[in-house]
Structures are given as structure tokens and as C-alpha cells.
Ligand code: ATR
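Take a look at this one chain, the form predicted on its own, written out in C-alpha cells.
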């Protein structure tokens, strides 16, 4: 009997740590599984995902640039996926349909509050970016007690659309990217832009970094390096990349598929030792 099949879809995807993470989780429970990367160009994603499930795939993670397409492909969607309009997990249903989930926001909040021991209540947060990554975490930050969420995006209309979708103008509002030089200070700054992934500099001023600010990049490793370096140069109290978030979101997917909650700390710590 062959092992259950799982995969992560992206483009590119060869760099993904997801196979290593899910194999480490599986070893905690003595579960045999195969988990592979599937590189699908945007025009090919839907067909590739359908083929994977038709051939017996038991679950798929989805990363850039396919999260919106994964949401559109699904027959059922979790509340978090509905709010974000994107999905990072696809799960087959017994009747042949599939369900979409978005675990990004829950993973971010758990990494901040449990691994990094932060109490998010009362924080004034700045969210850089308003695309799929930002939409995946915005509601969860507010649910966790962030007092205000200021959304800044190079395309103002995208930021306005996210703020409108949140529908809490007293807590979630937008400012122009050009205002960053004189926008006030924040004690939580989340980088949800794709600049690091695309290898582009953000060229941010230092002025909005509060004297006890936590800066967090949703990316990890090389993609987060420039933002982390900027945060340290700005004298942020803490500068974190998204490796812990990646592990936590993977744990949510693993629990959806296997009904068991893995211990994330040893997996996170081993990845940190390997990749810094």
C-alpha cells in the first residue's frame, strides 16, 4: 500500500521547506506520507491541482502565485478563506469536491503570541502591502486585539479595498505610501509586500519605527533579509522573519489532514539551525 500523497503548489517552488516540515511532523506520529513540490505556471495551476486530487492526492498547500486561484477552485471555503479571498490549503471532500482554507493569519498570530511571547492587544500596527498576503493576516491581527491597523500600499485603491472589506473604519484605515516619511510611529510593523520575494528593495524610512517596535516579515530566509536588516538599522526592539509562521501554518494544514496536532517548536528550531 503506497503512502498518502500530499504536495505544495507554487511557481517557483523548488526552494520550499514544506516537504521537510510535513515529513518532520509525520515522524512525530509514525505516519507514512509522501509530500512533494509541484511547480505549476499560473495558467496551469487549476488543471494541475484537479489532476493531483483525481489521482488520489490527500491535501495540498498553495503558495505564490496561486492563492487566489486556489480560493476560486474550491467548492467550499472556510471563514478565514472567505474573508481573505485567498487560500493556502486545499483538502478533498468525500464527495469529490474540495475545500479551501486560509491558515496564514492564525499562523502569524500564534508565532507572535506563543513563540515570541507578544501580547498584541493595544498595539498600533502598520501593514505594508494590501495584496493576498496582507489579506491573509489582516483580520487575524484585529481579532487578536491590535488596536489600530494602518494599511499602506503602493496602489492606494488596493489598500482602500482591504480597509473597506474589513469594515471597521475606527480601527482599520489607509494612508498613502508617500506618507511614510511623516506617518507617525508604530509598535508593530508587518511587511506583507512581495518586494523581498521579487528581490526588490523597499527603500523605507526609519521614522515610523517606534522605540519598542516589533518588525515582522511574512517571508523568511533570503526573501526577508533586506527588511530584517532595515528593521535592525532602525533600532527596532525585535525583528522577526516568517519562518515560525510558515511552520505554524503547516501545522494547521497537517491537523486538518491527519486530525493530529504536531509539536512545532522542535521543527522550527531545527529549521532555524539549518537555515538561520
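Since the structure is predicted, the reported quantities are computational estimates derived from the model, not experimental observations. Residue numbers count along the first chain shown, from 1.
Just so it is clear, the following notes concern the form predicted together with the named molecule, a form of the same protein that is not shown.
Taken together, the three residues 108, 139 and 148 all stay farther than 4.5 Å from the named molecule in the predicted bound form, as judged by their closest heavy atom.
Mapping the unseen interface onto this chain, residue 201 counts among the residues with a heavy atom inside 4.5 Å of the named molecule in the predicted bound form. Taking non-hydrogen atoms only, residue 113 never approaches the named molecule to within 4.5 angstroms in the predicted bound form. Interface residue remark: residue 97 is not counted as part of the site for the named molecule in the predicted bound form, having no heavy atom within 4.5 Å.
Contact check for residue 158: a non-hydrogen atom falls within 4.5 Å of the named molecule in the predicted bound form. Of the candidate stretches 182-190, 150-158, 77-85, 168-176, only 150-158 contains residues with a heavy atom within 4.5 Å of the named molecule in the predicted bound form. This chain is drawn without the named molecule; in the predicted bound form, the residue among 163, 126, 90, 130 with a heavy atom within 4.5 Å of it is 130. Using a 4.5 Å cut-off on any heavy atom, none of the residues of 69-98 reaches the named molecule in the predicted bound form.
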